[in-house]
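In the structure tokens that follow, the same protein chain appears in two forms, which are kept apart as structure 1 and structure 2.
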Structure 1
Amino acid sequence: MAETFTVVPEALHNRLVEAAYQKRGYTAEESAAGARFCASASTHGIRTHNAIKALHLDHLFGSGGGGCVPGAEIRRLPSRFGASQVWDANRKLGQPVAYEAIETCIGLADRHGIGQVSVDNAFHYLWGGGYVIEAARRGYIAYTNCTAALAEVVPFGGRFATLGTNPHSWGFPTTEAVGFPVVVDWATSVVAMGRVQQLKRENKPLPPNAAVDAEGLATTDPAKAVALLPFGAHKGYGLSLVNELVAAFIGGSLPTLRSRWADDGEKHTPCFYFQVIHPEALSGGAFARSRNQAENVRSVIQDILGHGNEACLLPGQVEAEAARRTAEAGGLLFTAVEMDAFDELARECGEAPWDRTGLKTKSY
């Protein structure tokens, strides 16, 4: 069944979202980054991190919950390493920190071929794919990981949640090759806790090996699930550990205490890690059949998705299709329920709700 979406021009959307951030005490620059991020999430069909969700999370855990400090300033630590920077984010809103970190990594990669920025005392950047996708669109290979705000995942063979859902995001500059950036971006748990709650409401079973009950035994009953499992058994466990270890080297503290604010001598903040590679710094320049680098990447992808694999999707393809649809519609696409939530948001900020009579609708 087709669903109807209202087309909201990005500038209109961003004005309201910026006002909402500013109302919470964020600076103009932070609010602009927050709005830019939400517009990007909506553009790419990432409805779990649109403005409504982002502001709700900020209310619960961010400026409303002690995790985030509006107006905080990044402190750049001295480093003897030219291709590396370490920042203390002082719990600044994650989105402006992440955008600036990726920008800094790009500058480092331009000079050194590769660059990294580590961030201590971070606050949730929401959707890592959003940062690497922009770097990839600008021609760079980008990677980020972070420690998730809460320990919700049980290590392989264990029974108690001590790991975050710890996502990894890789973006590749494949626009010239296939029309969009390939973006490999997911959490290291099989499902998110939000999905468990949704399946519980819908009275539907979980996939196997996605969650454990209070005894630490795998369960498909969302009502009995108390913690998540990593995907791919020991392999996903290892990938989740990578984020915890990188964070531990940066300055992150015990995962079970993360985001649990207490005066216990521990730190309670997540960490971010960013890395950008200039594709020319990888190139041996000797591509078969006189292809250039982009043509070579295209040929490799065509080979992978040939031979009967034509129905396979590339990671990032769904997001690219959403972006294409958004561009075609001439604005961000929101459902009726989402539009009502924006009206509510406008009321909270003392702003006029969007005049829907002036907005187009689209059905898909």
Structure 2
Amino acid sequence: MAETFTVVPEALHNRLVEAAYQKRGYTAEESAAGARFCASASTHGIRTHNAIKALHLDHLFGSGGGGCVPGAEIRRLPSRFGASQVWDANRKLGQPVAYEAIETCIGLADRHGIGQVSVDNAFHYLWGGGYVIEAARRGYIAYTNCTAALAEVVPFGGRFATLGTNPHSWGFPTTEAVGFPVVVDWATSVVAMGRVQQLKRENKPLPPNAAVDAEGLATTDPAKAVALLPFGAHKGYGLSLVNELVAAFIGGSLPTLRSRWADDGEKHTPCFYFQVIHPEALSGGAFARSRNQAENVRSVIQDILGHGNEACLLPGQVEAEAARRTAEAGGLLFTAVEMDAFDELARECGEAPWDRTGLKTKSY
């Protein structure tokens, strides 16, 4: 069944989102980075991490909850490793920190073949795929993970939520091979909490075995979901644990205390990790049939999707199709429920709501 969207020009969207961030005390630069990120999420169809989610998260745990400090400055710590940097974000808004980290990694990869940045005392950067997809479009292999703002996931075989949704995001420069970057991006829970919130807004059920209620029982009602389950049982649990261990080595907080502010001598902030690899740094040069690296990548993908697998999707293909639709529509696509949320946002920051009569609609 087709769904109807209102088409909002990106510049119009960004003006409102920037105004909302500035109303909360963020600098013009931070607000612009926040709006840029939200537009990117909407462009790629990531409705669980658009401006509505970003500003709601800021209200709960950021400038509204003491977890984020508008105008904070990143402190770069000494490192004896040329390809590595360690930052103390001082609870700066996550999106500008993440954009700067991925750019720094790209610069390091250009010099050393590989670059990494770890970030302590961070505020959540939302959709990790948004950062690696940009690096992949520019020809780099990129990876990021972060610890979630809250412990919302029950470990495999457990009863109490002690893990975050803890996403992993990889981006590969495969545009020449398949027309878009392959982007593997997922939370380590069956669904992200943003998805729960989206389905709650839209009065739709959760998939089975994705969440539990207050009694620890599985539920498909997003209004009753209080904790999530890892995907793939022990496999998702293990991947979620990776994020917590990386953060622990950086200096991260105890998961169950994250975003629960108290003067107890503990940290209460997430951590980020970014890595970028220059493809030339991986090349052994001995590709079969005299193929170059890009041709070899194309051949590998063609082999995987051959043999009767031609209908299979590649990770990142859905996002690429969403971006194509966005470009075709000439603006960002929002449902009626999302448009109502933007009206509330406009009222919050003293802006006029968008005039829907002047905006076109598209159905998909």
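Quick note, the numbers are simply positions in structure 1, starting from 1. Here, rigid core means the biggest group of C-alpha atoms that superpose within 1.5 Å across both forms. Everything quoted here is computed from the prediction, not taken from an experiment.
Where the criterion is the form predicted together with a further copy of the same chain, structure 1 meets it and its counterpart does not. Once the rigid core is overlaid between structures 1 and 2, residue 202 counts among the residues whose Cα shifts by 2 Å or more. Shown in the overlay between structures 1 and 2, fitted on the rigid core, is a CA shift at residue 162 of 2 Å or greater. In a rigid-core overlay of the protein, residue 84 has its C-alpha displaced by under 2 Å between structures 1 and 2. Comparing between structures 1 and 2 on a rigid core frame, one finds that residue 193 has its C-alpha moved by 4.5 Å.
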